[in-house]
Each structure stands twice: as C-alpha cells, then as structure tokens.
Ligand code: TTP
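What follows is a single chain, given as structure tokens, in the form predicted alone.
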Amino acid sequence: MDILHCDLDAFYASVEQRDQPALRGKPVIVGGRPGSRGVVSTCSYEARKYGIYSAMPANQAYRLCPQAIFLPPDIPKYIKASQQVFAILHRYSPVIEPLSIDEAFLDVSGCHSLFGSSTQIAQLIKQDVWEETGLLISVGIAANKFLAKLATNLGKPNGLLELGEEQVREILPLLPVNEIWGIGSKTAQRLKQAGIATASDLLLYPRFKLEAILGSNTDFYIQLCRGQDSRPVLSRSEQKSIGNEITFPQDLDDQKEIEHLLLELSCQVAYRVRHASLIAHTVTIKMRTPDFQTLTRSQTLQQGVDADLTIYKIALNLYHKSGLAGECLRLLGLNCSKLNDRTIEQPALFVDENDTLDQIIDDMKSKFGIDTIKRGSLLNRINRKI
C-alpha cells in the first residue's frame, strides 16, 4: 500500500475562501459570470450541494443557486498555492507524478524508514498543507494508482482513506462505469445503453462486444475493473516530458495577459526541469481555441535548455508565429521534452547566460520557500492587477 494520490479540495474556490474569510461557508463559484457564456471552473462544496459542478455553464449554475458568489479566476494566485503544496509533497517522496495544478501521485515505498507508514506520511502531508497553506487536501492510499485515486474520490472532502483488499472487493463491483479512470461521459453513456452500469457488469459483458465500445483500451479497462493497474508512478526524471497547462474559465484574448501567463508557465516548468537535474531539447506550446481546436507548435534545439527566460523566449516566439497571437484562447500550455540528465550531458552544450540568476533563485526557494523570490516582470504584473 505504497501509492498515495493527493488532491486539493475544490482548489480554486478554497484559495478564495482562505483569502477572503467572509466567503467561508458560502456557495462560491470561480469561473464565468452569469449572463456570459462562461463556465464553472471550480465551485465550493457549499455550491455543490445545489448540483453545481465543474464545466457547467455559468447561467445554469446561477439558476440552481442565485445566491452563489461568482468570482473571476486568479490564475497566478492558484499557481503560487500549487507550488507551495508541491514543495511540501517533495519532502516526503522523490517519486512524484503531477497530474495537474492541484493533484499528484506519490510512491512512498522507499520513505517508510524516514517518515513511518503510508498512513502516517499521508497524515503528515495533510497537516503540513493545512498549517502552511491554509488549504485542505484529500489523500487516497492503495496498492496502485487507479485504486489510490478512487480512494481519494471516495474520501473527499478532507479525506484520508486507505483501500485494502477487503474494501476493494466490497466497493469495486458496484463502482459506476463513469468513475472508472479514463471513461468519459460519452463512453459511459454508450456502456449504459449496452446495459453496462457498473464494473461487475463490464466484466460479465462479452469482450468482443466491449471492444466495439472501448476500442484498443478494452483490456486496460477490464484490468481496472479487477482492481489491477500496473502503471508505475513516474517521477519527473523518469517522465518523457515536463509541462503544465491552464484552462481559462472564460476565453482570453488579451495578448499581453497571455504572454505573461506564458512567462508564468515557463518559470514554473523550467524550475521543475532544473529541480529534476534535467535539460530539455524540445519546447512545445499548446493552444486551444473556443471551438475546441487544439494547435501545438514545437522547437527542437541542439543545445539543451533549462533557464526560465530562455524557455520563455522560445515559447514566446512559437506563440507569435502560431497565427493565434491576439486570438481568443481557452487553454494555454507549455511542455519541455527530449529530456536528458544534466549531469551526463556535456556542460559546454548547455552554457546559458541566465543560469547564474536561475541558480540564485532556486537556492533562495530551497532555503526560504518557493515564493521567497519572483521575477520583477511577474511582480509588476501582480502590482498592475492590484
């Protein structure tokens, strides 16, 4: 039972309630405003009692709960909180696989002699996150990634749940198919039309008929329904790429704001690359338009990079040449791939004029906290918003 899944509860809304005590205990919705075509990005648990959920149109959310407090998202603030939480997670395991800005897997199999059992490690994480960030995090513990994520979902909010073999035998057969990892709403609907409502239904259904619905992933879903998942937790050094992306609750067409967010992403991803002692040879940006068309642009370099501003300059150039500069976007992402071990690659290949400053910034973050120091251009952006 060495796999932990950590997931911050109602992340965006919880950050707003933390920073504005008057919002605590009230239905809070972060995302689009009523009267717009925006959607709910995240909502507090008080709002969820009214049937509101992420990606719901803001107008529908307003009809369900007119007294809800609608707030625009503050992405830089959420990135800052995320960085604080991930710094805490790194105290307890070097093997961390980020899933999103507020969610990650940890393999703690090599950490018990330092911190105790998996349950004790989960308790320490929850305590540190609360005391240092004022946020609640749910943790699921199990023998594999699928079951650990399931444990988190079952334990929310503010949960700590360990799924052993006995609990898995009780819970898994009745698990609705829409709660099986990777099965979206459309696939779940097709399964239900075929009479498959639960994991046990799926296991009893003829495989050749399942393949017509699930395609090449049929065997993977069958294994999950049996509680089997052989996928390892991939640390950053083992990952083929390191990246992050932001989905905007409302379409964003302010080019300067997009460029600043691209700088935020570049600094965040570059820090992760350096923290893993890696060097990247390919930088990719990802953009999604309001009509859900996704465009990626990449540049592969002979000389590896890991500096904030170097990666940003490459990403900015890709953005300006993409044909979408100044256009509305609903998603922006940045990814570094073709990663090599920095200690193995010859130093002459990655000498960068920005390395010294980045090292100073990294040292400050390591000694005094991840938010101790920030680039002036990002501080200027915060000041302009205030």
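Keep in mind the model is a prediction, meaning the values are calculated, not measured. Residue numbers here begin at 1 and follow the sequence given.
Omitted from view is the form predicted in complex with the ligand, to which the following refers.
**Student:** Only one of R33, R330, K338, R48 gets a heavy atom within 4.5 Å of the ligand in the predicted bound form. Which one?
**Tutor:** When the ligand is considered in the predicted bound form, the option within 4.5 Å is R48.
**Student:** Just to be sure I understand the contacts: of K156, R272, R288, R190, which is the one whose heavy atoms reach within 4.5 angstroms of the ligand in the predicted bound form?
**Tutor:** By the 4.5 Å criterion, the partner-contacting residue is K156.
**Student:** Looking at 62 to 70, 39 to 47, 330 to 338, 314 to 322, which lies within 4.5 angstroms of the ligand in the predicted bound form, counting heavy atoms?
**Tutor:** Careful reading of the contacts points to 39 to 47.
**Student:** Quick one: in the predicted bound form, does every one of F11, S54 and D102 get a heavy atom within 4.5 Å of the ligand?
**Tutor:** Looking in the predicted bound form, the three residues F11, S54 and D102 all sit within 4.5 Å of the ligand (heavy atoms).
**Student:** Are any of the heavy atoms in D2 no more than 4.5 Å from a heavy atom of the ligand in the predicted bound form?
**Tutor:** Result no; D2 lies far from the ligand in the predicted bound form.
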